[in-house]
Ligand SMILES: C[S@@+](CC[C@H](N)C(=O)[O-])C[C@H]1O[C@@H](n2cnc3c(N)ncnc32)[C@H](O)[C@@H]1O
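The chain below stands alone and is given as structure tokens, in the form predicted on its own.
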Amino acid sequence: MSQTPEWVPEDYFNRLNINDFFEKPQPLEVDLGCGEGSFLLAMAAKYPERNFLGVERLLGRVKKVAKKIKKSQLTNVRVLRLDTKYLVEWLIEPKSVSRVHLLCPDPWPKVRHHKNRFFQIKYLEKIHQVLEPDGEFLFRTDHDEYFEWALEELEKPHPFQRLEWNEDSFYYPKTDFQRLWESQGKSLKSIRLKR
């Protein structure tokens, strides 16, 4: 199967096993809001035995990521232009993803915009549905108030088990945002959840 770096589904209205759209069926990881793709491509290069889908809403970023994928000649990574909430709620087949990454998402800092935040129980339940048994949801933010919000959400009933996440737990490349914040003396806060 010949594949292009950018994946455009033929059908946006039926659940899909996204792994079917890669050259080899392998465990699938999804990067929600992949930005310019540095984390996504580093993971795909490190783990050739896994497939990676980057999801990004902004067309310019999607085109940049697609060019990087093509240049890298990696066949286990693709990018999709789509709203992350729609992807998780309506497109991904249940129990088909081994890991979901949400790294430095828009914190929607104004109180009236908090309803737009991805890290909230209704979306955590959707993430839980698409994860395989023992699958993981990994969240990092550079915004202290958003992290506190996430912890408050986890005080509500939810279907996950929280795991420790130390820097040396496993290979996890830095995002462009993480490098920027660390250069300013700031650090990211992390949450690791298991299905």
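A residue's number is simply how far along the shown sequence it sits, counting from 1. Here the structure is a predicted model, which is why all the values come from computation and not from measurement.
There is another form of this protein, the form predicted in complex with the ligand, and it is not shown here; the text below is about that form.
Site annotation in the predicted bound form: the residue of His143, Lys126, Arg61, Lys68 reaching within 4.5 Å of the ligand with a heavy atom is Arg61. For the chain shown alone, Thr84 is a contact residue for the ligand in the predicted bound form, at least one non-hydrogen atom being within 4.5 angstroms.
Residue contact check for Asp176: one or more of its heavy atoms lie within 4.5 Å of the ligand in the predicted bound form. The closest non-hydrogen atom of Glu136 lies beyond 4.5 Å of the ligand in the predicted bound form. Not displayed here, the ligand is kept clear of Glu29 by more than 4.5 Å at the level of heavy atoms in the predicted bound form.
Only one segment in the set 50-58, 128-136, 163-171, 150-158 has any non-hydrogen atom within 4.5 angstroms of the ligand in the predicted bound form, and it is 50-58. In the predicted bound form, the residues of 18-48 lying within 4.5 Å of the ligand by at least one heavy atom are, in order, Gly33, Cys34, Gly35.
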